[in-house]
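Okay, here we've got a single chain as structure tokens, the form predicted alone, with questions on binding and movement later.
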């Protein structure tokens, strides 16, 4: 890695925008692409150059970061018409930081490798606050030497940065993270609702739980939003639906039982069906409350 590699960034939403801004603030030149020009405006104001498509991002960059919504989106911007593969040179590194299927990740990596282009899957955990504060957890899969090349850039984005193994290992790690997160949130919602039904203040119950073995970041962050009934911040619940489907696809491929994941996915289905798909995931508690109404 040269002292100041040229960067590209695609996916300028709640996570990607602050991540890209942190890299710009660190002094790296950057080309960006967004389907909605307005999404790129804060980056352009910070010194980035907006281009017309992903291929042009790749032409202008040594390392390209992407963080889009779903597996099909990653495939399209990387391998589709005017995709990164059309503009990337041999030795360019594509770093996919979205949460997508490990199978899709491996397919993308194979297609890029045939052109001499390197690939890392490096999904993140920490939410928008972690993206803004550059405190994300980053779990990477791919070639170890490529990981070492990109690690100085990861250090501008996160605090916990681990190499997990070959292509797809980062995505498998993120699937494990999302399984634990979503099932824990279901438990937190049930616990706080139980407190409410028993006539005990859920806020105080949460405070006690935070001081004991039941403490978790899920209880700290999502539990606070449940107690305060603040469902407008954070990451849309619909994205956890996508993540749990990835978990269950992996479980099905392995012949592994994942009953808690299946139950939690049905609860997320209910949340989306009730119009809460674009709200914070903590709104799950409302699904449970409605289900328990007489």
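Note that the structure is predicted; figures quoted are calculated from it, not measured. Positions refer to the first chain, counted from 1. In this text, rigid core is short for the largest set of C-alphas that superpose within 1.5 Å between two forms.
Quick note: we don't show the form predicted together with another copy of the chain, though the next part is all about it.
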* Considering only heavy atoms, tell me if residue 47 and another copy of the chain come within 4.5 Å of each other in the predicted complex. => no
* Close approach of residue 239 to another copy of the chain in the predicted complex, 4.5 Å, heavy atom -> no
* Indicate whether another copy of the chain has at least one heavy atom within 4.5 Å of a heavy atom of residue 255 in the predicted complex. => yes
* Should residue 31 be classed as touching another copy of the chain in the predicted complex when contacts are defined as heavy atoms within 4.5 Å? -> no
* Structure fact -> Of 153, 79, 134, 162, the only residue with a heavy atom within 4.5 Å of another copy of the chain in the predicted complex is 162
* Which listed residue (68, 63, 51, 247) meets the criterion of a heavy atom within 4.5 Å of another copy of the chain in the predicted complex? -> 247
* When you measure heavy atoms, are 183, 209 and 217 every one within 4.5 angstroms of another copy of the chain in the predicted complex? -> yes
* Residue stretch of 84-92, 190-198, 112-120, 71-79 approaching another copy of the chain in the predicted complex, non-hydrogen atom distance within 4.5 Å -> 190-198
* Asked: Judged by heavy atom distances of 4.5 Å or less, which residues of 272-294 approach another copy of the chain in the predicted complex?
  -> 288, 292
* Asked: Has the Cα of residue 207 moved 2 Å or more between this form and the one not shown, judged after a core fit?
  -> yes
* To do: Answer yes if the Cα of residue 234 shifts by 2 angstroms or more between this form and the one not shown on a rigid-core superposition, and no otherwise.
  => yes
